[in-house]
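One chain comes next, on its own, written as structure tokens: the form predicted on its own.
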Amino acid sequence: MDNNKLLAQEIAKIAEVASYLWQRGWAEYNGGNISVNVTESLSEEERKVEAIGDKVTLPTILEELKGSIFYVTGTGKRMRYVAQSPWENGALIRISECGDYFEVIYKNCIKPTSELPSHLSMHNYLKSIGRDCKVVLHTHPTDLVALTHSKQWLDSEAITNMLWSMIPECRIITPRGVGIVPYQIPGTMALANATIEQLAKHDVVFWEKHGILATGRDVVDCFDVIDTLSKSAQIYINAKMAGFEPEGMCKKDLDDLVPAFGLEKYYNEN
């Protein structure tokens, strides 16, 4: 796999995004984690290489992920170091053919993020509903987390419409809006299950007083989504700091974006 250019490209994008998360101040200490399904970047032979780590039992059978390969950041690892040395701060894991355990197969026997069972459950769910998702990205954007400290914004429709209304690109890049999960202990399956409920309708989920999670096909795109939401939050917060309530785009302006940018498909899924 050392000579696999497709895999190298995926890992380079992960390192790029890890760098952005650190530069933005969204990845303090060992905050945040990334998982990317890289199965399509590997040959059949590479997918079957001998494991270098022990089998780790999963809390549930992952029917949709049997035999899949993921790059995952390591537990306790800093994003600033993932950016510099992704293989020293993450690893490839393989889900068993029965979907009941995983094992590290390459390159170092790094213990994956403690959020791994949560990430894999989300990957499994999204694949089961036909959503083309290969990435789960969790980080701690200061401005977005700040909003979740206000009960006013612990409502999916309210916070979605506010963020959409700050800048046209926000509705275009997050057409499904954002979900909200009330506070849960980090790393628990309770948090994962609550997140999965929100992913049925959204690609992005806010965790109250904790952070944000984005899903998608490309890790750079997931970062861009969070970055755009952050820009909307900054516009709102800056206006409030200047002493006025931002007017925001009206409903008609927001609705006009749907046909203008071909967003109808997102509202006809069900």
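Keep in mind that this is a model prediction, so the values were computed, not measured. We number the residues from 1 along the sequence you see.
Quick note: we don't show the form predicted together with 1,3-dihydroxyacetonephosphate (13P), though the next part is all about it.
Heavy atoms within 4.5 Å of 1,3-dihydroxyacetonephosphate (13P) in the predicted bound form: does residue 148 have any? Contact check for residue 148: no, nothing within 4.5 Å of 1,3-dihydroxyacetonephosphate (13P) in the predicted bound form.
Using 4.5 Å between non-hydrogen atoms, is residue 31 touching 1,3-dihydroxyacetonephosphate (13P) in the predicted bound form? Residue 31 belongs to the contact set for 1,3-dihydroxyacetonephosphate (13P).
Using a 4.5 Å heavy atom cut-off, state whether residue 114 contacts 1,3-dihydroxyacetonephosphate (13P) in the predicted bound form. Taking the distances in the predicted bound form, the answer for residue 114 is yes, it comes within 4.5 Å of 1,3-dihydroxyacetonephosphate (13P).
Can any non-hydrogen atom of residue 74 be found within 4.5 angstroms of 1,3-dihydroxyacetonephosphate (13P) in the predicted bound form? Heavy-atom contact with 1,3-dihydroxyacetonephosphate (13P) at 4.5 Å: present for residue 74.
Considering 1,3-dihydroxyacetonephosphate (13P) in the predicted bound form, find the one stretch among 138-146, 168-176, 80-88, 122-130 with heavy atoms no farther than 4.5 Å from it. Careful reading of the contacts points to 138-146.
Within 4.5 Å of 1,3-dihydroxyacetonephosphate (13P) in the predicted bound form, which residues of 210-237 have a heavy atom? Give them in sequence order, or say none. Residue within 4.5 Å: 210, and no other.
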